[in-house]
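This document opens with one chain alone, in structure tokens, the form predicted alone.
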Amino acid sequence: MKLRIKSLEYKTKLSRVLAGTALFTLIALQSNAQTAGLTMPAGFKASIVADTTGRPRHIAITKKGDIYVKLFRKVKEKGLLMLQDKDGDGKYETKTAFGDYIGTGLYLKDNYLYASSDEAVFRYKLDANEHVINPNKPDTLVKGLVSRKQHETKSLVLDNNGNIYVNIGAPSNSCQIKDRQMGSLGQPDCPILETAGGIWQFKIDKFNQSYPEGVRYATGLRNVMGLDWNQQNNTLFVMQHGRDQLTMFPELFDSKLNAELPAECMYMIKYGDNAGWPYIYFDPFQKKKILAPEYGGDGKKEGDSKFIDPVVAFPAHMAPNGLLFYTGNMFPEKYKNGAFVAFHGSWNRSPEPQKGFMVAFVPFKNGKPSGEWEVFADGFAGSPEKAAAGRPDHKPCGLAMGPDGSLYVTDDAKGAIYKISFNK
């Protein structure tokens, strides 16, 4: 009799445990469904609204919520997509492809869509619904830009005065005489900076411009993938991809230092600014501009004071590919006018864990950073182990704000587009 009672008690307890486990699993599944596997501050939710079946880079969103996507690899011989959610179910099932070139840069402003290849910038006229009128005949605004299969993509942004700003990345790591070769010194007066390694300014209403018609707006920037125009202080901000391979000088830098140096930097850019590449890098621990070893540095000598300081310094090698100032009203007040940064993730921190694969946030006030940066959305990699190994499921790249104030994030690893919103 006692055995039967104990058996009944055990079965009752077991059923309660199993019920609790099932409830926990259900809650976890519901939570995962509401966040698309991402970790975010309380009140935020996320979903995957599209799978472009390509490698989406930067995106632009119309006033009615249609999405333009620039592709890094062609899909059916096209490099641009327009996605539509025609049935209003939250999934973008309709795809229209156009443009016979690949790239990264994409921007929508004042009834035009601007897109870049690796050598040129194009402009498409839009109709009242912000749909491209003639997808086969864009205007060519800029042509003949340097593209040497290293940092070749051309990110872009517009100001409010009829100018377009184009990143022309340096086809080099540190302007060595022999690029990425052990102990090779830097080229004197780095000739790469004449046509690359900076931001060039062109007009939005003039066709077939090239270097002679453009203005080298800022220099000393190795490669800029993420850039945006700050509306509060009417100023350009950029995220630079910092240099690699300090271990080219093993007598000065071991693998640990190489993993942690230099910082990935956000710069506030004004006309004529020089951020110092390839002559210096920014050390986030010393909080100083340090002379590059290719130009006589030893890890301690400071660089020339003429080079501008970053406004934010992030950990090394995380590859910032997207920058967006948040001007919407959906998110809590702390996010208003602040900067979101999409980090594509590192490949060269070994033997240290790889980092990145997330979206960070920097608070701003009056057009300048007003606090420390923080991780906003994490978990794109799939697990901490996948992130540390540099084998993430997803890699954040482009950022855009929807008409309702939600945040969109592209993933150029598996082709997803995330929508992040806030429950008011």
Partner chain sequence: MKRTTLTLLIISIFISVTAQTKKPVAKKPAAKASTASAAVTPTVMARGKVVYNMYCISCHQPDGGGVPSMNAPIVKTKQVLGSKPALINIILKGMSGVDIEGESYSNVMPAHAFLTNQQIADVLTYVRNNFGNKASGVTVAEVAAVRNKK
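Bear in mind the structure is a predicted one, so any value in this text is a computation, not a measurement. Residue numbers count along the first chain shown, from 1.
Below: the form predicted in complex with the partner chain, not depicted.
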**Prompt:** Does at least one non-hydrogen atom of F72 fall within 4.5 angstroms of the partner chain in the predicted bound form?
**Reply:** yes
**Prompt:** With the cut-off set at 4.5 Å between non-hydrogen atoms, does E302 touch the partner chain in the predicted bound form?
**Reply:** no
**Prompt:** Using heavy atoms and a 4.5 Å limit, would one call K355 a contact residue for the partner chain in the predicted bound form?
**Reply:** no
**Prompt:** Is M182 a contact residue for the partner chain in the predicted bound form, using a 4.5 Å heavy atom cut-off?
**Reply:** yes
**Message:** Only one of these stretches, 148-156, 282-290, 232-240, 268-276, has heavy atoms within 4.5 Å of the partner chain in the predicted bound form; which one is it?
**Reply:** 148-156
**The single option of T327, T94, T195, Q245 touching the partner chain in the predicted bound form, heavy atom within 4.5 Å** = Q245
**Message:** Using a 4.5 Å heavy atom cut-off, which residue among S210, S350, Q201, T140 comes into contact with the partner chain in the predicted bound form?
**Reply:** S350
**Request:** Sequence order please: the residues of 284-322 with a heavy atom within 4.5 Å of the partner chain in the predicted bound form.
**Result:** none
